[in-house]
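Take a look at this one chain, the form predicted on its own, written out in structure tokens.
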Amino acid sequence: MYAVETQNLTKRYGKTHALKGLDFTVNPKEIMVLLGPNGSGKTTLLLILATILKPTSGSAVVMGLNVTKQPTRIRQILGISFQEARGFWRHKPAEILRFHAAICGVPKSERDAKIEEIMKDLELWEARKKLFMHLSGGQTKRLEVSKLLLQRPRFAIFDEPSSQVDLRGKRKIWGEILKLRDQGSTILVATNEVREAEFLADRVTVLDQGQSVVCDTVRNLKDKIAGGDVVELQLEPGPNSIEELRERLSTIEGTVNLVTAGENQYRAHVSMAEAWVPKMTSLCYEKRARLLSVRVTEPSLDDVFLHFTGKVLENPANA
């Protein structure tokens, strides 16, 4: 059984379709990342699965529970970290987390120790005496994520979990999300930041205009781009003709294009560089050409999005 499954899920706002017949699944105890720009339907899908919005048509099931027929039971096993942090303006971070722990059933005897541990892990401890209204954007985002780390729900939803957070803070948040998965939670993350998606995802679903364009592991998505890997070579020719070697390189399986980048230097656009490079090194050994350097650059998830949608994935500040 899937942890999450939608069938022909549709959400309309007047004549605008936020979701268009979406078929989507998440496996138990995996991190599924929704990758897409603003307006692609990511947040709408999250809010439907969290039972905050009702679909116009189609179905959505979370842990075997129907979102429209069993919303209360879903809320008992779900936690959500919103894109915009929620908090009482005149309360302090620890007070907000104590309130969240109480309504989520965290034992009273464990609350203070867990709250202190989480706040220290996410570098919020020094801000513990500040009012929510005085926290920075990055601090409020860490506090929002802290709620789920305290709750540890069976199904956790993160909407842009590290936006407005510096790189050091991002890596701390990502590390805690990975720990949450390793402890048994199923996790759904919506983002338009490719670095976040690559770091977290067991699988990625690319959304565009309310539809799922493709879903797979990051590695498989990159391998589906023909010629997406770039291998830069510098050779010292052996006794054989360099032109003969170049011709042989261009016929290696997986070569899409091979161009000269300088004297005895080549740039090869290939599919699956991990398979192409060993064949190339064997050929150089056979032809007694000395391989001086190799540099491999794989496609990014930006390239994946462009390949499957024909569009550039934008990453605005307010994602």
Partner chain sequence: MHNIIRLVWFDLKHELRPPVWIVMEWITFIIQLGIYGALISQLVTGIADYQQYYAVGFLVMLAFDIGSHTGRHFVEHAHEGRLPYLLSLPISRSKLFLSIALQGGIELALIVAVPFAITLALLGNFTFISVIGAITTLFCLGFGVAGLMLGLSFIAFKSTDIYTAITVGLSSIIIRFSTVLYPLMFLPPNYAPVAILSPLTYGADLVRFLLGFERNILLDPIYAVAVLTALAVSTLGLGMLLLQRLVEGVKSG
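Since we're looking at a predicted model, the values are computed, not measured. Positions refer to the first chain, counted from 1.
Form predicted together with its partner chain: not shown, discussed below.
Thr140, Trp174 and Leu178 each touching its partner chain in the predicted bound form (heavy atom, 4.5 Å): Spot residues vs its partner chain: no contact at all.
From the candidate stretches 210-218, 73-81, 180-188, 193-201, select the single one in contact with its partner chain in the predicted bound form, where contact means a heavy atom within 4.5 Å. So the stretch in question is 73-81.
Are any of the heavy atoms in Pro237 no more than 4.5 Å from a heavy atom of its partner chain in the predicted bound form? Close contact is absent here: in the predicted bound form, Pro237 is far from its partner chain, nothing within 4.5 Å, heavy atoms only.
Contact label in the predicted bound form: Ser271 to its partner chain, heavy atom within 4.5 Å: Contact with its partner chain, no.
At the 4.5 Å heavy atom threshold, is Val277 in contact with its partner chain in the predicted bound form? Answer no; every heavy atom of Val277 is more than 4.5 Å from its partner chain in the predicted bound form.
In the predicted bound form, Arg86 touching its partner chain (heavy atom, 4.5 Å): Flag for Arg86 set to yes.
Only one of Leu258, Cys284, Leu65, Leu53 comes within 4.5 Å of its partner chain in the predicted bound form by heavy atoms, so just point that one out. By the 4.5 Å heavy-atom cutoff, the listed residue in contact is Leu53.
Could you spot which one of Leu135, Ile118, Ile96, Val230 gets a heavy atom to within 4.5 Å of its partner chain in the predicted bound form? In short, Ile96.
Hey, which residues along 273-305 are within 4.5 angstroms of its partner chain in the predicted bound form, non-hydrogen atoms only? Nothing in the stretch sits within 4.5 Å of the partner.
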